[in-house]
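Below, in structure tokens: the form predicted on its own, a single chain.
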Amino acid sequence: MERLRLAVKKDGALQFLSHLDFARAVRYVIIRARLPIAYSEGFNPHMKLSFASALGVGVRADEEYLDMELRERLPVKDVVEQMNAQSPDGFVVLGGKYVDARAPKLMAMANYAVYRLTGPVQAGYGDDALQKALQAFNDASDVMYEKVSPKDARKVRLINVKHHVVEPLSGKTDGETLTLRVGILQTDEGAIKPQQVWEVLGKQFGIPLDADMMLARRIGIYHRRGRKNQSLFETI
């Protein structure tokens, strides 16, 4: 078997698919492209296909990764062309690379994601005020977020946002639009969602944003070791 790693883009209407529906759409693309994909054995065989991580509904991705196992080694260029010829709008295969079958799984490698968050901010809120608020967040040693269980409001878990947002936040205002760049680290304790970081900045740092009006775009996903972010291709 040949293990091929692909970088893909998820955009447009596809951002509103759940992860399971997106995975199903990718499987249809592979079938239509007539690739020699490998299947598991047993009574319910499935494609040997895996993703780096699950994207939330409504989140676009400039670069997502997936691994597939092929029964024969095809030129990467041919795989990219065949898949793109059969892809729906919003799905693009950007490139690929064969990796060792013993290489760590993508889900074990992808531990750092960078997002661009965009949403409305109160008119008149300028860049000077924003930079002061972001500096206060960046200087804080601890920023706590109360995560309430959607099934039981009595169950509350405290998350220290600073354990996951390990690089300084940056951003700007443009009229009544706020744009932030946020990196989120996955640890053994889990991670925090972009929406939760957005909410924290409004409630605890005084940025007059609308907590329910935010669009997220994942602009990169990496393996973070120490302070260095590595491409999921580079870590092989």
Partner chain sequence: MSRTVSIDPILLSKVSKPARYVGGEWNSVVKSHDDVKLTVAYCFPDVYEVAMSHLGLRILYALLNERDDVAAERVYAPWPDMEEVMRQKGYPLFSLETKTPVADFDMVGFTLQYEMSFTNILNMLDLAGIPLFSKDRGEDMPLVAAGGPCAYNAEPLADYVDVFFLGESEESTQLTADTIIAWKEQGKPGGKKGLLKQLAQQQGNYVPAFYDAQYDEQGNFLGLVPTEAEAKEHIEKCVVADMEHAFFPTKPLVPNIDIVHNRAVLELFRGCSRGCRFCQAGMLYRPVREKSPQRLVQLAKEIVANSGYDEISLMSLSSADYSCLPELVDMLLDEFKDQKVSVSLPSLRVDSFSVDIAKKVQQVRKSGLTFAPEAGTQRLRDVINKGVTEENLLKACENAFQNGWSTVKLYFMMGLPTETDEDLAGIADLAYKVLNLYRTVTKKNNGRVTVSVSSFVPKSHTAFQWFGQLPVEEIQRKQAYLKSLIRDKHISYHYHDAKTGYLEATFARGDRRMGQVLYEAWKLGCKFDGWTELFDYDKWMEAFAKAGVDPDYFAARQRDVNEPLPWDHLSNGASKAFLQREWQKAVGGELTHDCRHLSCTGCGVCPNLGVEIIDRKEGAGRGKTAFSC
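Residue numbers count along the first chain shown, from 1. Given the structure is predicted, the values throughout are model-derived calculations rather than measurements.
Separately, the form predicted in complex with the partner chain exists; it is not shown, and the next lines address it.
J.: Which residue among Asp152, Asp89, Asp142, Asp128 has a heavy atom within 4.5 angstroms of the partner chain in the model of the complex?
T.: Contact check passes for Asp89.
J.: Heavy atoms within 4.5 Å of the partner chain in the model of the complex: which stretch among 200 to 208, 165 to 173, 179 to 187, 50 to 58?
T.: Residues of 50 to 58 come within 4.5 Å of the partner.
J.: According to a 4.5 angstroms non-hydrogen atom cut-off, is Leu215 in contact with the partner chain in the model of the complex?
T.: Within the cut-off, so yes.
J.: Although the partner chain is absent from this view, report whether Pro120 comes within 4.5 Å of it in the model of the complex, heavy atoms only.
T.: Taking the distances in the model of the complex, the answer for Pro120 is yes, it comes within 4.5 Å of the partner chain.
J.: Wondering, does Arg24 line up within 4.5 Å of the partner chain in the model of the complex on heavy atoms?
T.: Looking in the model of the complex, residue contacts with the partner chain include Arg24, since a heavy atom lies within 4.5 Å.
J.: Check whether Ala85 has any heavy atom within 4.5 Å of a heavy atom of the partner chain in the model of the complex, and answer yes or no.
T.: Because a heavy atom of Ala85 falls inside 4.5 Å of the partner chain in the model of the complex, the answer is yes.
J.: Between 35 to 69 and the partner chain in the model of the complex, list the residues on our side with a heavy atom within 4.5 Å.
T.: Result: Tyr39, Phe43, Asn44, Pro45, Val57, Gly58.
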